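In structure tokens, one chain follows: the form predicted alone.
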């Protein structure tokens, strides 16, 4: 048995034994947990991944005459000001009002890199805060305080993602190709902090951590904390952080996020903790979730461990599917080594938690009105084949009073024609099969997709109907803008 105080004394005296989480696996394998616990004092861990639930509290100081900032923008990115006169919270995912590929994460990264950013604030004005507008430039050194406070970071593990639909999906898990074209995952597995202390014996409220190059602290469990998918709420001084351990990023079609580097030292107080830090990727399991299905019905495609994910390929439905990581093992490794260096040099001392994190999971969905799904409004689909003559397609549309005809081949959707396509073909005296005039890249929906999502697809692509398909791209119905209008009327 050891104590955190005894380990800190060894740090002070310069004779502490520190190893990275990667090295600890080998030591326990070679020496056994009991002997490794005697020899090793601290195991350093690391993770570097996209952590959307992050941001910074800032105090700008008072102007003369003073202003009570009701709205404030930094490089055209709005920060939340409902706190005090010149305090604001800038979230990393907040978007610029001028660009969808620039946001709060970029502002924070620029400040840490030593750049100035533009400041604009407005107010209605009061007797004690008469100023109504201010425009200025600010650098990190100009701020009285700049405190990174992240509500949810350092996921213990994370569900992997794939896509069974016939469309490319752009998500917070990156771009997912259709028909199970790829799998993406997040988290650093066996070197990630919470995986090396899964019962939260040493990581809790008050634990000192490495946060983006600065010394930070765990201030509680993170939002959506649900062991073994645990999370941390953390804080640190932005003025002490280094740009190499944070990086603004844009996920196409989703938005802005920030890669946050976190390292946590695990004090090896006993044999049980030594055993925990010997965990391997093969022992850390998660699920591959199908994002091609609406959220409430998303099925688990299969369970996998992090060793399989890190191998770069998994098997789905008998086929090999490539896997890519959204986290950086390379930067996580640098964080472990940097933290090891700081502890050995006496720059970083450990703290014992004053309160343990909860080991229970309470994770409720939002209470909301009943969701309507496409299957509740879709109509039977009338289909044709690529060889169907344009004249015949026109006759079907007139007889059935419809404006859209899905084109199928061997039961699967290959295209669609509209009454407008037919009218153009007739005007140009085309008389062949509909394959000549059909749209081949078809926007579709699925029976279990919420009608709101289907409506947004129609609006985005300026279309008035969607073929409804199953996971194998077989037509099961049609939904039109008229169908959605009737639903709203009901």
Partner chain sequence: MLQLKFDPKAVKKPIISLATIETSTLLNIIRASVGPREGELVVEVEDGKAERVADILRSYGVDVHSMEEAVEKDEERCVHCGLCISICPVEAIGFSKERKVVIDTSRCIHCGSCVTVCPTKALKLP
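These numbers come from a predicted model, not from an experiment. Positions refer to the first chain, counted from 1.
Keep in mind the form predicted together with the partner chain is missing from the figure; the text below concerns it.
Checking 323 to 331, 213 to 221, 68 to 76, 384 to 392 against the partner chain in the predicted bound form, the stretch whose residues place heavy atoms within 4.5 Å of it is 323 to 331. Of the candidates 109, 197, 290, 190, 109 is the one whose heavy atoms come within 4.5 Å of the partner chain in the predicted bound form; the others do not. Contact with the partner chain in the predicted bound form, judged by any heavy atom within 4.5 Å, is made by just one of 120, 310, 372, 131: 310.
The partner chain in the predicted bound form is approached by residue 250, whose closest heavy atom lies within 4.5 angstroms of it.
At a distance threshold of 4.5 angstroms between non-hydrogen atoms, residue 174 is in contact with the partner chain in the predicted bound form. In the predicted bound form, the partner chain lies farther than 4.5 Å from every heavy atom of residue 271. Using a 4.5 Å cutoff between non-hydrogen atoms, residue 97 does not count as a contact of the partner chain in the predicted bound form.
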